[in-house]
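First, one chain by itself in structure tokens, the form predicted on its own.
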């Protein structure tokens, strides 16, 4: 396959084709800016609207109305005039807004006057004993298979964890005719009390009735076991059963051929961190989030962050954040966007955020599921256990970057995406300091794995490199 030609420079480069990226690219292109949308997937939509234009699931009730809202976003983007580069892996972004991207088997460099990162979210690590066994997947992975291939798990299926996505997947599975043996709900009992003060605003958010209807529909069809405080997957060549405890009671076991885990999502921050964007530990969402102004602009000039990469808020909020970041970019480059569009975006974003505090409080993952112990694997790539990490902290290791030298945590294919939050929290707990003081992995390009052949396709002389316009 020959590499796709990407121009040397654009007014705006948007990374990620989820709701934020689609909205941002559409606004920028319609304002008259040369705009490129770079995305790793074969078609636009991101995770929430994955395969929206080509999903084999044609019966709309299966995935629900919220999924099909994405079709209008994709259609608006397609008619905007923005350039869409699919199958593009963005592996580098500098403070000067030079972008390294691989597509079609070759790596290229491009530049932009403004960059809007819409890299979305990743599922929060859920490190329990046995989570690396075949047959144990995340709820998000199961949803990808459903949306992109129309596939659901067969045999005895158990869902475990907490958060809106867990209930949404269960509902979609039932709509698709799949069987769910049980849901093991790890929502902490004390969270329900703490969330009560946030109920009034959640009722006004527009999500309450939709969420209530969904949860009730699932509970009518599936046995929900609440108050789960401990989990482990059991098996040899694959998961065979799930053991759990409730409120300190004796351990119970359920047979399972597939175990789907989920305890929320966190911003995908690797690319932004590699570009030097300042991040802070968000205690309400237990994750790293970029420091941004009210237009999405970061600490690095010309780089903005929108969507769930700016903080978890859901698909609708992501879209409005994308629009606001695009409006700011257009105006910074001397292009006009009607003030009424900005006013509407701010109004709608405010509405979408009303219920966030309730959801963050109710579905706050329990400490026992965020900070494993003993021989539970934390870093899947390098097979590093929780005990190894805590023992290394006891030796005086101060942070994740030093931990790399001891144990290679975060140096595998995922570049810390599956272990970063856990490692930070374990070190913070061991040192008795806040996660902010511990920090996160230092990210350097390439932030995604690429081949030597792809790197070999880059410009090889100083003159060729300088031919890439840097604005």
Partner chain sequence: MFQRLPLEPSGSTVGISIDGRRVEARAGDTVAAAMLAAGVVRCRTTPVSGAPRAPYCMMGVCFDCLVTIDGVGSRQGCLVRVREGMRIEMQQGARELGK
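Predicted, not measured: the structure shown is a model, and the values here were computed from it. Numbering follows the first chain given and starts at 1.
Quick note: we don't show the form predicted together with its partner chain, though the next part is all about it.
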Even though its partner chain is not shown here, does residue 47 get within 4.5 Å of it in the predicted complex, heavy atoms only?
yes
Verify the contact flag for residue 173: yes if a non-hydrogen atom of it lies within 4.5 Å of a non-hydrogen atom of its partner chain in the predicted complex, no if not.
yes
At 4.5 Å between heavy atoms, is residue 244 in contact with its partner chain in the predicted complex?
no
So, in the predicted complex, is residue 54 in contact with its partner chain at a 4.5 angstroms heavy atom limit?
yes
For its partner chain in the predicted complex, the stretch among 290 to 298, 319 to 327, 120 to 128, 217 to 225 with residues bearing a heavy atom within 4.5 Å is 120 to 128
Would you mind picking the one in 230, 381, 76, 332 that has a heavy atom within 4.5 Å of its partner chain in the predicted complex?
381
Identify which of 31, 418, 443, 438 has a heavy atom within 4.5 Å of its partner chain in the predicted complex; exactly one of them does.
418
Counting only non-hydrogen atoms and a 4.5 Å cut-off, give the residues of 434 to 456 close to its partner chain in the predicted complex.
448, 449, 451
